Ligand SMILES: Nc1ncnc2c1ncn2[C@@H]1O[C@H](COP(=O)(O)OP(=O)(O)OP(=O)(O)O)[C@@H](O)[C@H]1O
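In the form predicted alone, a lone chain appears below as structure tokens.
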């Protein structure tokens, strides 16, 4: 059996039957404010607490701003993990597949990284005008990452707030797993919800569950179905 990588995100491992499969690639997609980057950072933070080094490659937001936002909103001891290089944040200003691959290989091999987050694929897609070329590049990137002994999360922006408006993209068909985050309007408020659209090799939950971003992290409520 393939080894599991527990996320330790409350409620998620229950939905996955134990966590992600090791060395697989998972896409976390959602609209603005759904918690994609927070999801990725918690995956790294929980891994660091287990002794697994993590890397986030950021193509848009600056590391300093991300850390500032998380320190204001979370009770995590993030500073300690960053200081000891248990979590490494890297920003890339010029968007190219070659530079992304070089950066990933350099940090993963040099620091023995086991968990990776790339935030966000959307900018790479915007800078790859030809859909065929984008598909070719992402397939090449996934094959390249499979040889580096790490589990990878990608984030991507989705223009739809609910599953009814979903329009699937190329990357969602190629990666091993897709987790969709929603902001669902219910009466006079919006509720965050999570759905596992696919996870190859995993007997996962097919229901959509509400979740909250709390001081301790993301909390999913599998006992409540939206």
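Numbering follows the first chain given and starts at 1. Values in this document were obtained by computation on a predicted structure and should not be read as measured data.
Unshown form predicted together with this ligand; subsequent notes refer to it.
Engineer: Just to confirm the contact call: exactly one of 45-53, 25-33, 196-204, 171-179 touches this ligand in the predicted complex at a 4.5 Å heavy atom cutoff, so which is it?
Structural biologist: Heavy-atom contact with the partner occurs in 25-33.
Engineer: Quick one: does residue 82 come within 4.5 Å of this ligand in the predicted complex, counting heavy atoms only?
Structural biologist: No, residue 82 stays farther than 4.5 Å from this ligand in the predicted complex.
Engineer: Should residue 191 be classed as touching this ligand in the predicted complex when contacts are defined as heavy atoms within 4.5 Å?
Structural biologist: No, residue 191 sits far enough from this ligand in the predicted complex that none of its heavy atoms falls within 4.5 Å.
Engineer: Is there a heavy atom of residue 73 no more than 4.5 Å from a heavy atom of this ligand in the predicted complex?
Structural biologist: Output for residue 73 is yes: heavy atoms within 4.5 Å of this ligand.
Engineer: Could you confirm whether residue 208 comes within 4.5 Å of this ligand in the predicted complex, counting heavy atoms only?
Structural biologist: Because no heavy atom of residue 208 falls inside 4.5 Å of this ligand in the predicted complex, the answer is no.
Engineer: Can you name the residues of 188-226 that have a heavy atom within 4.5 Å of this ligand in the predicted complex?
Structural biologist: Contacting residues: 192, 213, 214, 215.
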